[in-house]
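A single chain comes next, written as structure tokens; it is the form predicted on its own.
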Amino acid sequence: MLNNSVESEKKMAEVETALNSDGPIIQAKDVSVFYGEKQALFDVNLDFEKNQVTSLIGPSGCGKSTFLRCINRMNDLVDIARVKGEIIIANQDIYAKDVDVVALRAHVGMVFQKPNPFPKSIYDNVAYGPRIHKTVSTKDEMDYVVERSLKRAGLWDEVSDRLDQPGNGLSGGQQQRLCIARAIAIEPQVVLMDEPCSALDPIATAVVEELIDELRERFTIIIVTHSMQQAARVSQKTAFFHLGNLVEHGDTDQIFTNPQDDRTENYITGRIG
């Protein structure tokens, strides 16, 4: 993920090899985040396994979204933000000086809280990433990528006859699935989701949750959610954050039925939140 083109190609090949190897796909080591003088995250250590859904849960302001944004360096966009520690993806610290952030985000896609389709056609929304990252070279290839991504997002049958129409003309649930299709069009290894269902109705939420379960066969997914029911439904691993600290992490069933920390139990049972 270096800027020099030859080195970049070599590095990208190394990344692909590392991402396909055994072991955690992401390792966070002593990650702390500061906004100016205020510390928002304290020495987080957390591994993520391939092809699993991990839910990050906890009260509002506990640091879970801050941590999520560390994984594709979205905090770089906040002038006063400062990140300490290491996040290792494909054997490389993504905060090293030689990392190309654009290339990083080709491996780590993101879906935000509110659907945010670009003011473009449905087709161009999905094609945006492959064009920017130059992962396809012909119109036929692009047509294939767009169709494949929309099918994976469970949206193809609903929009295949109107790909030239504006993406923001779709319903809220369809817009969020369009954003998911856009995120996965460049074949990232990791997909980050920051409360992707919070603006959706129950029916649309159920569709997206079913989609998340299907997508984990191909992608590693990390989801921030305020809904403990959603975390229990969609994830294999759960991490509980409180006051900027990672309190507990483990199998979702264990976290919800036999938490090891009193703070986790208090949150799950509604005593804090």
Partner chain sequence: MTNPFSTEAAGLQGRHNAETIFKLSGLTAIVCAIGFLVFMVGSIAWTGSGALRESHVQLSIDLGPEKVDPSNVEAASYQTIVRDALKERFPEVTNRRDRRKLYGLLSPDAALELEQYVLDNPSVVGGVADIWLLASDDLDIYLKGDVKTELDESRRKFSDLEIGLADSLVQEGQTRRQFNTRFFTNGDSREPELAGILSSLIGSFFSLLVCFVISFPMGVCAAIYLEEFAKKNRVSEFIEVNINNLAAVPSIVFGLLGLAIFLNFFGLPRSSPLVGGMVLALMTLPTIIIASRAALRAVPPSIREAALGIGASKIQTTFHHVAPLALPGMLTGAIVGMARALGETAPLLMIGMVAFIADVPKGILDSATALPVQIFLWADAPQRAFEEKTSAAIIVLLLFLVLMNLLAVLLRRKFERRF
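Owing to the predicted nature of the structure, the values given are computational and were not obtained by experimental measurement. Residue numbers count along the first chain shown, from 1.
The same protein also exists as the form predicted together with the partner chain; that form is not shown, yet it is the one meant from here on.
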Taking the partner chain as it sits in the predicted complex, is Ser160 in contact with it (heavy atom to heavy atom, 4.5 Å or less)? no
Just checking whether Asn116 would be counted as a contact of the partner chain in the predicted complex - the rule being heavy atoms within 4.5 angstroms. yes
4.5 Å heavy atom contact, Gly154 and the partner chain in the predicted complex: no
So in the predicted complex, does Gly173 come within 4.5 Å of the partner chain, heavy atom to heavy atom? no
Contact check for Val207, Leu211 and Arg233 against the partner chain in the predicted complex, heavy atom at 4.5 Å: no
Heavy atom within 4.5 Å of the partner chain in the predicted complex: which of Ala81, Val145, Met110, Ile71 fits that? Just give me the one. Met110
Even though the chain is shown alone, can you say which residues of 117-154 have a heavy atom within 4.5 Å of the partner chain in the predicted complex? Pro117, Phe118, Pro119, Lys120, Tyr128, Gly129, Ile132, His133
